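In the block that follows, a single chain appears as structure tokens, in the form predicted on its own.
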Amino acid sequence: MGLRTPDQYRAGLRDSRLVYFGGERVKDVTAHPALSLAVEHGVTVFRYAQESPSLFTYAAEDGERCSAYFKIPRNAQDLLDRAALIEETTRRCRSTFNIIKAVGTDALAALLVVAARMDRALGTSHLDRVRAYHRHCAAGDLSMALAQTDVKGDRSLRPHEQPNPDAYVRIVERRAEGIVVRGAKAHTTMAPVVDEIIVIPTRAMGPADSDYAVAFAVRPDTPGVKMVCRTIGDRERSEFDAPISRRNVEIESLTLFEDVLVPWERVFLAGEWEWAGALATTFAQFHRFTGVAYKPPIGDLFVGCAQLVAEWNGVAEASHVREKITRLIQYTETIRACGKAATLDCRVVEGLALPDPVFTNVAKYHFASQFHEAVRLLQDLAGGFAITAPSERDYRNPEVRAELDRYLAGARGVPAEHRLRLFHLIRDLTASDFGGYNLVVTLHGEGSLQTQLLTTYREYDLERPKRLVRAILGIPDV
């Protein structure tokens, strides 16, 4: 097939999948008043492939055009191209990451690396399955969700020690035709509105955890799969009042696997506990690089909002205002610079280019740990109108329109409507339900802050600075 149209993507979602929202079963996610927002956000990657094929598609080995997300990165330039693809998609989506091909291909890249190493060590044939599944997704131009985070139960206990044996997704039966799995995965972004769900382990496993060392792929309409969605706020607001969240939102679900049969051709890990940790961390390496690539557009929005609100308030020349805007610039460009450095210092493993883990995790930690401060700076510059500005309905009311135009006009004759639109954009980004969502997802998406610190320490070449100190002290290397 190669490339699908937006209508073909929508049509592919109209099946028997079990999706629950607000206490009710959703019969058609494309027609649901809330979930259709997530569907239309997903549509954008298919539309962009038609509008800008040079960036959003590539020529596969058979000559057919495929989504550029499925291109396997072989070198630093491929990683730079992937970062540009993700950043541009996010920019066109008004700073909201579009995950429906990015995260799945992060998982596929990790599976390709780990399956090759596992087959060599164990004499298995997992790599052939992964390659076949990659071809299937690329040829069908499929959208994908990644289910990794288990519900975990008592986090002081290992998977096999849990009072609830299903606190981690596990294999409950092995059959001639495949494996039967049970459990739940949390935070599965966009799972209700994709074509495929890829499941991988969330952590390293021990010998007693072998049933929990499982990776596989299923369609969302597979019997036994259920998805319970979070709610989406601001559904009734106009684009004037909610310029981003009225159009560009993602949806998460708690994804349940109730004795789901997975055919062997879709099974990528089935009890090989020694490789569960490697798969989890290799995926994290790719996915954090994706996180670093999608974050600059929201930083750009913060900078643009801050500069405009300063100009329209007539305070752009004030030194303390410029200092705050400069700090937002530094926040954004540090992320972008570390992302570029991660590509230039990449390593090629099993024929795939892996972004440098130190620069990747430094960038991820920086954007996650400092995001709340960036929000504070923008809110400080915006002032109280970011949350008290009149709504579009009030502004359009002829009984008060003239007064609002007169009192809310900005410096240098900036119209009141322009200022109101800007205040509502800042509110949507930082102080709405969507803004609160951004605060949490930036902190926890792509892994916790602690894992980024641990990975940075583990991957950093500590021998290099130690050699420098020894040389200064005149102590020979040992």
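Each residue number is its position in the shown sequence, starting from 1. All values reported here derive from a predicted model rather than from experimental measurement.
The discussion below concerns the form predicted in complex with a small molecule, not included here.
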query: One stretch from 63-71, 421-429, 435-443, 30-38 that, in the predicted complex, holds residues within 4.5 Å of the small molecule by heavy atom; finding: 435-443
query: In the predicted complex, Thr281 touching the small molecule (heavy atom, 4.5 Å); finding: no
query: is_contact(Val194, the small molecule) in the predicted complex, heavy atom dist at most 4.5 Å; finding: no
query: Non-hydrogen atom contact Glu87 with the small molecule in the predicted complex at 4.5 angstroms; finding: no
query: 4.5 Å heavy atom contact, Ser54 and the small molecule in the predicted complex; finding: no
query: Of Glu311, Asp300, Asp78, Glu252, the one that lies within 4.5 Å of the small molecule in the predicted complex (heavy atoms); finding: Glu252
query: Contacting member of Gln162, Thr149, Ser210, Ser95, with respect to the small molecule in the predicted complex [4.5 Å, heavy atom]; finding: Thr149
